[in-house]
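Listed next as structure tokens is one chain, alone, in the form predicted alone.
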Amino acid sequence: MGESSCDVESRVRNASLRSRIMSPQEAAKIVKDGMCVGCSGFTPSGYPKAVPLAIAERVRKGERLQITLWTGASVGPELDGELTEAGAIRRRFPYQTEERIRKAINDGRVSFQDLHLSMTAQNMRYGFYGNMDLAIVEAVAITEEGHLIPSTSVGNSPTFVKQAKEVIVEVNLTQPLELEGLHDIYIPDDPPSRKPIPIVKVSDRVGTPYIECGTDKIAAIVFCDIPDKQRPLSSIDETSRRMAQNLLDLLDLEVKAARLPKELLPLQSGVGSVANAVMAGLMEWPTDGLLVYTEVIQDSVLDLFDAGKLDFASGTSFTPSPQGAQRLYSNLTEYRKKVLLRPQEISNHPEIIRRLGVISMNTAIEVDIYGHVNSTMVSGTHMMNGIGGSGDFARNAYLSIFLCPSTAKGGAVSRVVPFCCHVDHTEHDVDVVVTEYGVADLRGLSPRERARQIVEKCAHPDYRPLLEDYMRKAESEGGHEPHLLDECFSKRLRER
């Protein structure tokens, strides 16, 4: 890559560090077999690209090299995909979405542990997972003091840099310098010295605009010109539109009952097309002054900003579509006045979620009639992506809402089932279930009452008779939360 002297000076501001600028191939030699490596990136944004590609190339040429890979959340194909295909990943934490690594996990070739995202950084600092040998972090620039200006995500990078023995910095020239200043980097003290996190408003800035690193820790600097691999968002279909409207109707009832202010409370939404569609539905909300306290800032958040509906958004990453990225970068000077990107242990922190009264809106793979939610496993055995931050928000939210279409595979499978084949969120953490058919408000209901609400309000009409039959038979057997522990019935419903 032929970076100009202007790029070097503006991106690497400490002159003594410029002697550590090297090619991705040279930097990749720092990585050794058996290392624990922490990489920046969150859904998939702000992750290193050039060095992972060079590591994969080493392995393809016959070197023996396998690492334990940590990230913030999902990352792009240059990292998860290429390293998996080369056979360079032994263990993976804490979340992923790339097709090749998902297959390797389900085949047993990569050992994977699914973790609540708010807890990964602190548990790493606590020493629960051993030592971190190396951090590879994407940045837009390195300060005179050797600190790192992150790019489009923060994730776990501050703790990775703090814990690692050495750091490789990928300075990405496709990431604009105008990103500098919108990050708020704060690492809580560990027990017994932990203090309250002083965030009482979504817009509160409590940390620094850079990740503390220092010149001594930086082992290599690599210039990169590979952009984030943004994913296109699906168009908002009729099912998503109906779910969004049902959600708005619920929120309107909460306002009329004086349980929410007219401008609502800070909003959190998961990642993906359904979540984006749900947030887009808030364009129809009758008042302005909305706030967002979430993980990922998607296209719909930019829409709300542009329409004047949204006052401020706090997250840990920008995760726009390619079209959304163009809009973000072309108007970054304005957006940065209304956005903060924080470490994920802060964006997802239970203390702050409870204090602010966040309204949590997450998606499910399936929901059972008592309100248990499966958000990770297909057929109870095959990992999809991971629990992500949904558990952080659901358990601590002012109002915990889960959304999913009533069916999958073109109507061949009901997403409302008698008994979830895997439970990520128990009935205790689920206040409301929303599908395109309606809203089941589960607050204050017994299990039998919850079951009737979910079947009557949320299940697809084609599956309601089977679910009602299940309820009758289960209740005849008795029990506080009646179940027929006969897998044949559940299998019949799933394969109908």
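Residue positions are given as counts along the sequence shown, with the first one as 1. Note that the structure is a prediction, hence the values are computed from the model and not measured.
If you look for the form predicted in complex with another copy of the chain, you will not find it shown, but the lines that follow are about it.
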Review point. Which one of these stretches, 229 to 237, 73 to 81, 317 to 325, 113 to 121, sits within 4.5 Å of another copy of the chain in the predicted bound form when only heavy atoms are counted?
Key: 113 to 121
Check your understanding: So, in the predicted bound form, is Val200 in contact with another copy of the chain at a 4.5 angstroms heavy atom limit?
Key -> yes
Check your understanding: According to a 4.5 angstroms non-hydrogen atom cut-off, is Thr333 in contact with another copy of the chain in the predicted bound form?
Key -> no
Review point. If you check in the predicted bound form, is Glu468 within 4.5 Å of another copy of the chain, heavy atoms only?
Key: no
**Study point:** Touches another copy of the chain in the predicted bound form: Glu449 (any heavy atom, 4.5 Å)
**Key:** yes
Review point. Is it true that Arg13, Ile30 and Leu177 each have at least one non-hydrogen atom within 4.5 Å of another copy of the chain in the predicted bound form?
Key: no
Revision key, fill the gap. Answer key: of Tyr398, Tyr210, Tyr186, Tyr329, within 4.5 Å of another copy of the chain in the predicted bound form (heavy atoms) is Tyr398
Check your understanding: Just one of Leu247, Leu173, Val413, Val423 has a heavy atom within 4.5 Å of another copy of the chain in the predicted bound form. Which one?
Key -> Val423
Study note, to complete from the structure: Applying a 4.5 angstroms cut-off on non-hydrogen atoms, the residues of 345 to 362 near another copy of the chain in the predicted bound form are His349, Pro350, Glu351, Arg354, Arg355, Leu356, Gly357
